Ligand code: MRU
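Just one chain is shown here, as structure tokens, and it is the form predicted alone.
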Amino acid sequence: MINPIALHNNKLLILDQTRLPGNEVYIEVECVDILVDSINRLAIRGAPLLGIAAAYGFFIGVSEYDGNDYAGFRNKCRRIKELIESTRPTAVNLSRSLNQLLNLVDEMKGRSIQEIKDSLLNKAKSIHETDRLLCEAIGEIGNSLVPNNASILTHCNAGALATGGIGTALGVIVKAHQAGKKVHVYVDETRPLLQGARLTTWELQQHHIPMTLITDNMAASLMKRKRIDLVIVGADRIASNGDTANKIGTYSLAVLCAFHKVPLYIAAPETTFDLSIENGDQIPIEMRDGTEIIHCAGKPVAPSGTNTYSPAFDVTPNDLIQAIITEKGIIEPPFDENIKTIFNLES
């Protein structure tokens, strides 16, 4: 079983995804600064997993407080929250988890500091277990959309390495495979950091699912030749109208899907929806260091000093999305109405 995160004796262990597929190395997170560094350099990544890591990291950070003064403890909690929250602005799961824990601190005002710490740890464990169950449900529900003998294209990595369970987009594929369906996965490499080539192929090998690695610019050729039946990707934030932020390059695939009449499915839990924003224009897009483009696998591929443009994510408009697979069911257009309906929200 792929386990990218675990807590042992109040020490967080995270699988360093920058070392995959060559080496399986775990980082021991003894303090919040190590977690922040790990998130910033993408040793741990994926929207749901970032939410889990943020919860554990919050607990580890505030555990360092050894006083009994609630005001001092609350101030420590606020600083830890702000520090972790500053790492990845696009993935909403991270900030949502931190808000849940800080709200818990506020609710427990008047209780002992140790009681609050114990409750924070239990809340972090609950966020982890909840995501595992959400992934299982998304996989089971999404399996209904996968025909037998399907050729599926996926982008970036939305599997166990990005979540607390079997994954979202890859969870659907894994469940289809476990159901006995013959599926073949085309994995695009996902430049600039090759999460598809390094991580998704590695995961699919663990599950013994047939797959073929392609470069990002080969998708159109495959679609033109009728080699792709559907595309499934994850999400980092979904607006209330269904506009979806995901790894850079997702929007390009969505345009190709629309032109070639290939259905594009988003697989994501309710925790990835941000219903406080109306559309994708309001989703903050993280900009990355341009050296990630100038270098590939640690080697320079462009002259030093080359100007770069390096957003980590792009936004796919809702009219290019066939459906969104969630743990509560499949959401189809019109998304602005049906998202509220499936999550039992008032119009």
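In this text the structure is predicted, and so the values were computed from the model without any measurement. We number the residues from 1 along the sequence you see.
FYI, the form predicted in complex with this ligand isn't displayed, but the following is about it.
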| query | finding |
| --- | --- |
| Option touching this ligand, based on a heavy atom within 4.5 Å in the predicted bound form, out of H128, K81, R88, K175 | R88 |
| Segment that reaches this ligand in the predicted bound form - one of 201-209, 108-116, 159-167, 255-263, heavy atoms within 4.5 Å | 159-167 |
| 4.5 Å heavy atom contact, L42 to this ligand in the predicted bound form | yes |
| Contact label in the predicted bound form: A47 to this ligand, heavy atom within 4.5 Å | yes |
| Proximity of F59 to this ligand in the predicted bound form, heavy atoms at 4.5 Å | no |
| Proximity of N246 to this ligand in the predicted bound form, heavy atoms at 4.5 Å | yes |
| Residues of stretch 219-253 in contact with this ligand in the predicted bound form (4.5 Å, non-hydrogen atom) | G234, A235, D236, N246, K247 |
